[in-house]
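A single chain, nothing else alongside it, follows as structure tokens in the form predicted on its own.
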């Protein structure tokens, strides 16, 4: 069973400076998992041509799919498309279809140079429809180039998901216990070593006002057909230690 993988590149000085909160990577991660695609890496980089080129070239070789967000707008610092053209050694040109879409949307009188820039892309790409502001994104090989504005990106991402190959869904079960993490840590490690095709994550929490806490144990796997055996072993371990159990 082949596992489809993905990498996400968030491009923008505004994200790194803290002026803009990145919600795109969280949204993409959730939708990829639902689609059976394993997100393996997220990176945030500045608007720098060399850095964009190097990162895109690295990611497109490592992952089945690559998704970039940001840097395809009308301003001087929107350099993603020009950089990706260089990464793929393609001409940076006006895409005729994108140009026509934008010209019809803005009308000739309002179709200024900044808006025309949004039609410039690597030669030979496939457009990704934008149902809100009509400025399209595009696909070049296994790289999907999307805008940074979350409301627009999210709508366009659904268009991408409709067209790409999906994988087998990731199996996830969360077990909650009132035991503290230190009590179950060694036993969880033993169970993890036994079941190497699944991942066991331990996420403690504590309510300071009630002075009570516990752990959410997340059991997940891309490869195992059924993870119930792992879940049952963890539940049995908790019982033996006198803990309470619930499924979240």
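Keep in mind that this is a model prediction, so the values were computed, not measured. Residue numbers count along the first chain shown, from 1.
The form predicted in complex with another copy of the chain exists for this protein as well; it is not shown, and the discussion that follows is about that form.
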{"item": "Segment assignment from 146-154, 159-167, 121-129, 89-97: heavy atom within 4.5 Å of another copy of the chain in the predicted bound form", "value": "146-154"}
{"item": "4.5 Å heavy atom contact with another copy of the chain in the predicted bound form for all of 76, 183 and 189", "value": "yes"}
{"item": "4.5 angstroms heavy atom contact with another copy of the chain in the predicted bound form for residue 200", "value": "yes"}
{"item": "Interface membership of residue 40, another copy of the chain in the predicted bound form, 4.5 Å heavy atom rule", "value": "yes"}
{"item": "Non-hydrogen atom contact residue 45 with another copy of the chain in the predicted bound form at 4.5 angstroms", "value": "yes"}
{"item": "Residue 133: touches another copy of the chain in the predicted bound form, heavy atom cutoff 4.5 angstroms", "value": "yes"}
{"item": "In the predicted bound form, residues of 97-120 near another copy of the chain [heavy atom within 4.5 Å]", "value": "112, 113, 114, 115"}
